[in-house]
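Each of two forms of one protein chain follows alone as structure tokens, named structure 1 and structure 2.
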Structure 1
Amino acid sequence: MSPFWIMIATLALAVLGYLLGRSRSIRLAGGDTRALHSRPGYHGWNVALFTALPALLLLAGARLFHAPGWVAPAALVLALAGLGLSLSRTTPQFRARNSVERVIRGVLVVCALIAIATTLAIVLSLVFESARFFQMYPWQDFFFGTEWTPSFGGGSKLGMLPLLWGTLYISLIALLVAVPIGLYAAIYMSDYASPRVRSVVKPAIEVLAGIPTIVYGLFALVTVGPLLRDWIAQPLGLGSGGSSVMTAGVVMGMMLIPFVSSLSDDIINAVPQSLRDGSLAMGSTHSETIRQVVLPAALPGIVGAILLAASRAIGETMIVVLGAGAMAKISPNPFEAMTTITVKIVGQLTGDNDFASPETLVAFALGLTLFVMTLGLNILALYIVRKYREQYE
């Protein structure tokens, strides 16, 4: 019997268990369900859960850990045993509701733990594969190497620094675009705009956040890249390609505008009105109030928002894959094509992979670097934002 049919059989047994448990409880109570501690449905559920859960868990485990063939049919035996045992426990005094609720609570806990399991799985898979990589390739050369020339024939140079440079350079440009625009937009919306203007502009800007990054990527590749090349890079003799740090940075900046603006908007709105009143009542203008009272008060929160945006920028993939190019190099010229950590992760892991070669495994080391960088930024940012919120609660 295939595991699929065993699963179906188990579920059928569970349905049977429900009916049996329910009818047995009614029978034992002599038809008067008021004599039962729990309502008959709970007795039914109790039997069904005890029949299905252990067996299904065993099945899933067998699938996951490639257990030998006899384990799957054993699940059926387990289901039958569960059915019998729980049925025999069904008495009028039996607290079936509490039993069922305990099981449900257990399921809830497991679901909540999936978040932790995901993080663990991320960390473990990154660390294990990276460890394999560092066995084949010295870590000093990876972290401090300035050359990135993978070749599957051997003799690859896998220095991360050019990728890190490209990542940080693009992120910097993106933030230079997004932070002033996002921040001024947020200030205008929270302190100047009338409710009507706000109700139109705020959702419009947030549409930018709902657009998938692949769309921005295509926009960079087809529109912004050629535009920057024809109007700025070529006339100034700075470059001749559409893919460049500038292209990716500007488009990524566009993507980050709503991110910065909606976070800053929340934060600026959290500054109490009494502070604004205090400042205005002393004869300061609106902008003086914002610059000298509201913004300093909101500064920690805004810094947090910018850090979150920075982490977004560092981890962004599709815009740089399509807009930045694939050349790994360290150059100060923003109109040259450079590449990033995320681009190379995609590059090394798409297509046919040999999971024993350093050229493939380096992607995991890059992933680990990326994960640590963004996690650090996120934790710092969330800490700052949380502290800020507490201040005004």
Structure 2
Amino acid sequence: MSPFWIMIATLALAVLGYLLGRSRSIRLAGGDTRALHSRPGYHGWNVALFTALPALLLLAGARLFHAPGWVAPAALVLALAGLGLSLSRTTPQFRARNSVERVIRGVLVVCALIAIATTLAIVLSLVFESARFFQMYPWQDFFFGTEWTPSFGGGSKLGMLPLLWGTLYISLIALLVAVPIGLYAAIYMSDYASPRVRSVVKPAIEVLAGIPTIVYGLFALVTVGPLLRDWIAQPLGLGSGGSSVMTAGVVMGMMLIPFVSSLSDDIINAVPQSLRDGSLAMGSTHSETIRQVVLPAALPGIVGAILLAASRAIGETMIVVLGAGAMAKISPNPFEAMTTITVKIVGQLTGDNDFASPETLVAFALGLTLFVMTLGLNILALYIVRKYREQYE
């Protein structure tokens, strides 16, 4: 029998165990459920969990570690053993609720550990591969180099400063577009809009969050780029190309508006109404109440929304590829083509590349740099939020 059908059989046994455990507890109590320590449903779940969990864990371990073929049928035997043992423990005095709660708590702990282990695995993989890269390429040239000219034939210059400049430049423009518009939209929806208007405006804004980023990239390539070129860049003599930092930043800011707006709206709505009423009772106007009471109270959540938007902007790829181009250089002109770290990570890992060469391993060093950047943003935001919260309290 294949592992798939063994898993199906195990789940079927678990369902059967639930029904048997529940009916057995009622029968042993003489039909009076008040004589049971736990409700009949808990007795059923206790049998189901002890039937399914050990067998499913054995199946998962066998799949993960490529165990011999006899291990899968052994899981079915383990499920039958768990069914029989848990049914024998089903008595009116058995604390089934406590047993089920312990199992559920254990499952939750395992899920939390999986999340932590996944993060640790990501970090370690980046660190180890980056260490291999720095054994082949000087770290001073990587962190402080101003030229990015990879060549698999030799003589590569892999300075990350042009990529870092493009990443921060585009992200800054995107936040300058998304944060004011998103925050003001959130204030309007939470404190000014009527319920009827809110029911139309909020879903309309959140539609932007469901648009694939490749569509935004096409919009930048076909519409926004030519408009900025024809209306601003060429008349001012700043550039003649449709691909530019400004194009990618503006379109990325449009993409980030629903993130800032929706999260800020939820946070502002969570501010107690008593704070608003107290401010109005003291003679403050509606706008003064929002500016001096509501926004300070909601600041931690707003900072979190801005941080989420910044992280999304730093990690975006498709909009940059189609809107900003792939030119790695440092320039203050926002109407010139540049690129970001994520674009070059994709470029270095695309195709049949040799993972023993610095031109490929540099992608892991760039990924580690992005991770440190986002971690620094989180730490800075946490510091700002805690400091402001102390002053507000």
Partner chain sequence: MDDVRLAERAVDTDARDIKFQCRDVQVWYGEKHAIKDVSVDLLDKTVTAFIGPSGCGKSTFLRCLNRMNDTIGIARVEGQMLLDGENIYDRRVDPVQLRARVGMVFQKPNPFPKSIYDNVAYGPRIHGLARNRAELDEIVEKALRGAALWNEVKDRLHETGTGLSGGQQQRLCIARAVATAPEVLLMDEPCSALDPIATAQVEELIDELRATFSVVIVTHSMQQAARVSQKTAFFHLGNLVEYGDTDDIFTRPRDPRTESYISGRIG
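Rigid core here is just the name for the largest C-alpha set that superposes within 1.5 Å across the two forms. Start at 1 and count along the sequence of structure 1; that gives the residue numbers used here. Here the structure is a predicted model, which means the values were calculated and not measured.
Novice: Of these two, which one is the form predicted together with the partner chain?
Specialist: Looking at both copies of the chain, structure 1 is the one that matches the description.
Novice: Would you say residue 283 moves its Cα by 2 Å or more between the two structures, aligning on the core?
Specialist: Yes.
Novice: Is residue 86 displaced by at least 2 Å at its C-alpha between the two structures when the rigid core is overlaid?
Specialist: Yes; residue 86 is a residue whose C-alpha shifts (by 2 Å or more) between the two structures when the cores are overlaid.
Novice: With both forms fitted on the core, check whether the Cα of residue 63 differs by 2 Å or more between the two structures.
Specialist: Where the cores coincide, residue 63 still shows a C-alpha shift between the two structures that is 2 Å or more.
Novice: May I ask for the C-alpha shift of residue 114 between the two structures, in Å, based on superposition of the rigid core?
Specialist: For residue 114, the C-alpha ends up 3.6 Å from its position in the other form.
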